[in-house]
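What follows is a single chain, given as structure tokens, in the form predicted on its own.
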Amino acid sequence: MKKIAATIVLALFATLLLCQGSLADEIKAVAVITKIELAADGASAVVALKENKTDAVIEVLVTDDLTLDKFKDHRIVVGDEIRLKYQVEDGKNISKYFRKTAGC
């Protein structure tokens, strides 16, 4: 009985450690778009944003097709307020979630 309880506690502890590692790398922000640069092939875009809380300017690489289509259709434009999540990978801020705060 003790072995089963110890195994369960160990499994819960390992799960907790894995979850903390993946959540710690993700950064959330609410920011206003100041510049959108679509790549020539349309497969990516670099977006400059001014974060609302700190006024810091951050650049995020966007590669998901849904958001890129919104840039091309001008549904997301300079001046829109965005709620985003991103991760730093190889020194680049990679977008994981990119939505207008007003919905879109």
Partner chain sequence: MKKSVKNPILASMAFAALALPLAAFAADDALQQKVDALTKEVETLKQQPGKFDWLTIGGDYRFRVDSLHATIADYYQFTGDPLAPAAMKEEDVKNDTLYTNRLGLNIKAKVTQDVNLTTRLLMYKSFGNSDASATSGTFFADRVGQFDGTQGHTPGDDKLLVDQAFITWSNIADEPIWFSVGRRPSTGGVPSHLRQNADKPGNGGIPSLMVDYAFDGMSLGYAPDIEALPGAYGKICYGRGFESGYEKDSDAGALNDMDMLGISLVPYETDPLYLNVQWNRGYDIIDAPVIADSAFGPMSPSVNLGSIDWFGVTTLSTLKNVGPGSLNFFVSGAASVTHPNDNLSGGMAGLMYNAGEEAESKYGWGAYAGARYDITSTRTKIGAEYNHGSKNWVAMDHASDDMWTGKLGARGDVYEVYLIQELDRKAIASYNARAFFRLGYQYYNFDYTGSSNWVGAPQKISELDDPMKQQLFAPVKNAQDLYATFEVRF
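Just so we're clear, the structure is a prediction, and the values are computed from it rather than from any experiment. Residue numbers count along the first chain shown, from 1.
There is another form of the same protein, the form predicted together with its partner chain; it is not shown, and what comes next is about it.
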Using a 4.5 angstroms cut-off on non-hydrogen atoms, would Leu66 count as touching its partner chain in the predicted complex? yes
If we define contact as a non-hydrogen atom of the residue within 4.5 angstroms of the partner, is Val78 a contact of its partner chain in the predicted complex? yes
Is Lys92 one of the residues lying within 4.5 Å of its partner chain in the predicted complex, judged by heavy atom distances? no
Give a yes/no on whether Ser44 approaches its partner chain to within 4.5 Å in the predicted complex, heavy atoms considered. no
So which residues in 50-73, when you check its partner chain in the predicted complex, have a heavy atom no farther than 4.5 Å from it? Asn52, Lys53, Leu66, Asp69, Asp73
